[in-house]
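Starting off, we have a lone chain in the form predicted on its own, written out as structure tokens.
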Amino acid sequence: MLFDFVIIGSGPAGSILAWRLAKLNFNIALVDQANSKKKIINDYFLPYVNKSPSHYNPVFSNRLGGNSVLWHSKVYLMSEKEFDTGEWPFNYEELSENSRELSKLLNIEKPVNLVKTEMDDKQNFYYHYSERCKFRNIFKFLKISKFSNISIFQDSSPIKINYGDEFNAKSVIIKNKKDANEIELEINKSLIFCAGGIGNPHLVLNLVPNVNHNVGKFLSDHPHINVAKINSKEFINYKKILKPNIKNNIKDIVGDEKDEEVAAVYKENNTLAGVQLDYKRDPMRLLRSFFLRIPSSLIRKFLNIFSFFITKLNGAIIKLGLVFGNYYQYSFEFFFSQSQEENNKVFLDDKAVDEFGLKKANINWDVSLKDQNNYNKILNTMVGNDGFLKNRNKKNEFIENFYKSGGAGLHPSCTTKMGFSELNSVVDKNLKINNTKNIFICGSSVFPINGITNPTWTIMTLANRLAKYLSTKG
């Protein structure tokens, strides 16, 4: 079976690439471990990870559409201030232009606001705005399954790549986990990995020889914590940065304002923090860290049902405004950028294999002392003794709250990052893997730095940029 492009992964990157290239009449194979079957109970267990720290919990939607299923439709583009903290091999205007172009192609309203920021006139922070689009699962929204020139291979994974000269991928062997059948997909132009911040290095390390030492390193994410006690009388002071789930419940108080999501962003020593007013600490964050470590699908189903009732109880407590010990009605949710650390990485386990016979991945991830100190400085500046959001006598509480909150893992980035030189990157400015001829990577794994923004729209923007390159060079 001959295809112009073989794309591995149907999430935000893979679906945009397949859609853009199919519209240009290329023949596409779209391969994904997940399937289109509707799940009665969501199960986010990541099947190709063997070991990771208890405070790092990546998720797997097991749906065609990837983690866009979990996205909540936030059309945030990484801001220029975030972009400038990393070494991107192209300028921000190119990213912004691709964002505007994609927003028009997808008929998203007010595309100019996709890059909107607003400096506060009294403090050293800015407001970062996003639109909320009218779709969630990008695979379904783009109607990928309706294209006659896109062949979808679900429940499948690549298990071998056949190479020609100069590491030119000539074909890829994929295996179906339901019937164990193997199929060879011949490649006319290019192979593109779009399997996410954990999946991309996992597959590249298994399947692509001669990759450099940077693959899997520099894993970055967004540590989240909830701090401060905000009562129902105070929260109106922060209505500009209310999370949408709160705003939707109290429109009679905040008014029916623009359908925008806003975060306040502060920078300290090249570290960024975003903050929004949230409900009190969510018990599901702690339950999720246990849930994602249980290999038995039967036990996970039971816990998922249990989690449903816990969520409902938590919602009832919120609505009644009850206070139990340290369980307060509102708090600030902070989410931080992360500096580049080689020891934060995805690497292969030599003893454990997944259901396709590939080596599983192990994960090392933690928050460095340097980042902890910067996070604490930011917390003290924003919600400390002289805090411009709230004054209170609290210091150095990042670690105290971080491990209580359930850690991180929702936005893995930077594991196959792009750069100017092969010495400090995995892919070049066009997202081609160094030392290969026609193998590309797209997704948050190619970010040189993670910033604080939900990465989904930036991923889709990079996919739009890559589709244009591949259509002429591919």
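The numbering used is simple: start at 1 and walk along the sequence shown. The model shown is predicted, which means the values in this text are computed figures rather than measured ones.
From this point on, the text means the form predicted together with a small molecule, which you will not see here.
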> Is the small molecule close enough to Arg63, His72 and Leu203 in the model of the complex that each of the three has a heavy atom within 4.5 Å of it?
Replying inline: yes
>> Using a 4.5 angstroms cut-off on non-hydrogen atoms, would Pro158 count as touching the small molecule in the model of the complex?
In response: yes
> Should Ala195 be counted as a contact of the small molecule in the model of the complex, where contact means heavy atoms within 4.5 Å?
Replying inline: yes
> Is the gap between Leu431 and the small molecule in the model of the complex 4.5 Å or less for some heavy atom pair?
Replying inline: no
> Does the 4.5 Å heavy atom contact test between Leu21 and the small molecule in the model of the complex come out positive?
Replying inline: no
>> Exactly one residue in Val49, Ala29, Val59, Cys414 has a non-hydrogen atom within 4.5 Å of the small molecule in the model of the complex; which is it?
In response: Val59
>> So if I measure heavy atom distances to the small molecule in the model of the complex, which of the stretches 381-389, 72-80, 363-371, 234-242 falls within 4.5 Å?
In response: 72-80
